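What follows is one chain in structure tokens, specifically the form predicted alone.
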Amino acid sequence: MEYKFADRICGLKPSAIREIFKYAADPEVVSLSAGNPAPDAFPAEALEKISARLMKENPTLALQYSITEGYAPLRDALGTYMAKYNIGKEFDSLIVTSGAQQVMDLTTKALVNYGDEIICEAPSFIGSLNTFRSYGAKLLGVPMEEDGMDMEALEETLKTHDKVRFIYTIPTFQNPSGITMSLEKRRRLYELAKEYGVLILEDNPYGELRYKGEDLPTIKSFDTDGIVIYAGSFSKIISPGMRVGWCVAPEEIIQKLTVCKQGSDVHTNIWSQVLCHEFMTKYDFEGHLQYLRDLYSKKAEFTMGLLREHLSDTITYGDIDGGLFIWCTLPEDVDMPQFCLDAVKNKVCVVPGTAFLTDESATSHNFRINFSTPTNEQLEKGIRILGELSKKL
């Protein structure tokens, strides 16, 4: 039988870089390519106790259908938590989602028609880019500078394109670059979006993972005009496997996201929602966040020390104040995909920068390292191998 797929799926192509990850299945390969939390970051003991108590005292709550908008006590707790960061105005509402990734999916489903345009940072998170592509959106990449998106390029893009539905940004410890957008640029981004009548989709999965420096206000905290959709997640601060995220946006938008979600999964896993609520409200949630910051701060410092020790000057990288990633740059005359292929053949896997491009035909001289998942021994082995390869360039 000849299968006929939807036009929006026919346009999606498997990435050539996936060939590299086939090598990563080798148990001897050190994977610096994941984006997972550290195994010892999970509050497993607390979650076990909460789950056991839930199944003993109120199993129906965990096992029955629930409402699409989310478990009401969790929504209340998240509303209180967001208010600490000045997120949530009188016109806003909140929906619990199946991870922050679902916020990207529901937002695109609700707002974007085939051929509409979405402005993204270049580079940006591959999961979101693929979601946008799956709805037939045209991606408009805006280059990144050391302090975030190039605002002059953003303004020029807004001036010259009239089908932009929203601007997608990860302003804090961006994936993959690790860059944090400056306060000045956050305000400028908001003003440009307001001026050109465009929404902002602010993705903030790493905001709580700052190790040093001062916290910056979210773009959503500036939102007095109802133009910012905010995505939060428990994936990096409690558990990614539980698949619990949330969205704060104007009520009218949340209503549409709710209808879209009913056609996707009815509601987010209620068991996971209850666990997140109990952990937030009955355990030392702030203490847990500080534990994560201390954990990742040590791993980041350890990794940066290894990079300084082993990598040659041919590879440059930025220091980081938070998040889980380090963005490395090769000289322009070096074949980056070949370097990544050579690395994995030598038993270390990194993510080629081409995975994060808005323009799939463009080239990249970058690769991404993750330091949260590997052990210190694996980090030392993997970066030593990268160093040996870098000295041959």
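If you're wondering where the values come from, they're calculated on a predicted model, not measured in any experiment. The first residue of the sequence shown is number 1, and the count goes up from there.
One more form of this protein, predicted in complex with a small molecule, exists but is not displayed; see below.
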item: Contact residue in the predicted complex, chosen from Met104, Cys247, Ile219, Met149 - any heavy atom within 4.5 Å of the small molecule; value: Met104
item: In the predicted complex, the residue from Arg210, Lys236, Arg133, Arg186 that sits within 4.5 Å of the small molecule by heavy atoms; value: Lys236
item: Segment assignment from 315 to 323, 81 to 89, 198 to 206, 159 to 167: heavy atom within 4.5 Å of the small molecule in the predicted complex; value: 198 to 206
item: Close approach of Ile229 to the small molecule in the predicted complex, 4.5 Å, heavy atom; value: no
item: Touches the small molecule in the predicted complex: Ser177 (any heavy atom, 4.5 Å); value: no
item: 4.5 angstroms heavy atom contact with the small molecule in the predicted complex for His277; value: no
item: Touches the small molecule in the predicted complex: Lys299 (any heavy atom, 4.5 Å); value: no
